[in-house]
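First, one chain by itself in structure tokens, the form predicted alone.
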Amino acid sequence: MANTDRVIGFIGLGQMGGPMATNIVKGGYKLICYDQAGTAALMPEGATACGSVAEVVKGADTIFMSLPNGAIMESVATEIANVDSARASLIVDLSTVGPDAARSAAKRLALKQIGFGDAPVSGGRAGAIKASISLMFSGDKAIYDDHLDVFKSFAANPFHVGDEPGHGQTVKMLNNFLSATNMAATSEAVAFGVGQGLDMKLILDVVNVSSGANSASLDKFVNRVLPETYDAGFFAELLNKDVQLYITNVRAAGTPSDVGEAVATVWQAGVDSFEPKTDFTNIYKFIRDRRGKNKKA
């Protein structure tokens, strides 16, 4: 049975946090929320607004965080650690922040006897709305088991991937690198085909029942690029942040990075050309419009 008497806190109600918080409420949990951009306007119906991080820490048993980057996450973790008379005994970070930030936050919170779960998610805003996302939890297995019901309220595919903070981030980074690679490579391949006079739908029809099928060709191109809506619901700068985190950590680890270097270069160039909050599927137009730049004279 789900422990719906547990009070859940949620900090960060943005593109991903808002839908996840909504599904926690739908799961029957008591939820208190805070977002510095305006809690009342962003929180789900049925939740209770808090006026500060400290108020969440003093009112919740477990706190979920969904924040834009490692620096912000670590800042909030420090703020949590500095709260006196905290009720919260566990922080679960759903953000993509990199292993170093996860480890740093875990150590800081441990000094105040507050547990930490490194638990990034994948599946985009559409998946967060449908509660079909994946969750990659690293930390104490007993904590994972104790919170599995609440995880399942917003994530259809929860996994315990390791005992140490940072393991969740590692799996998330390599997953998002593969997603970004699929999107960039499919964009380049489709641009080549269209440039040769082929119909995009025909290309996708063939590829998607052949060995070249991938998450970009099966989903993003069919549902977002082909109809020219470009509305997958995830910002290009956020995916690029994940790709750059991946390549930075691969370089530090000394594992092969040839493909990663090329993908990271393409995504950085694309994001540098985009307006803020541009949907990541627009990378197709960026790659398509570079057509001919690599053509030999």
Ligand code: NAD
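This one's a predicted model, so the numbers in the text were calculated from it and none came from an experiment. In case it trips you up, residue 1 is the first one in the sequence shown, and so on.
The form predicted together with the named molecule exists for this protein as well; it is not shown, and the discussion that follows is about that form.
- Of the listed positions (59, 233, 27, 44), a single one reaches within 4.5 angstroms of the named molecule by any non-hydrogen atom in the predicted complex, namely 233.
- Screening 37, 253, 40, 259 for any heavy atom within 4.5 Å of the named molecule in the predicted complex leaves a single hit, 37.
- Among residues of the shown chain, residue 88 is not one whose heavy atoms approach the named molecule to within 4.5 Å in the predicted complex.
- Under a 4.5 angstroms non-hydrogen atom cutoff, the named molecule in the predicted complex lacks residue 114 among its neighbouring residues.
- Though the partner is left out of this view, residue 13 does reach within 4.5 Å of the named molecule in the predicted complex, counting heavy atoms only.
- Proximity of residue 238 to the named molecule in the predicted complex falls within the 4.5 Å heavy atom cutoff.
- From the list 95-103, 157-165, 204-212, 179-187, the contact stretch for the named molecule in the predicted complex under a 4.5 Å heavy atom rule is 95-103.
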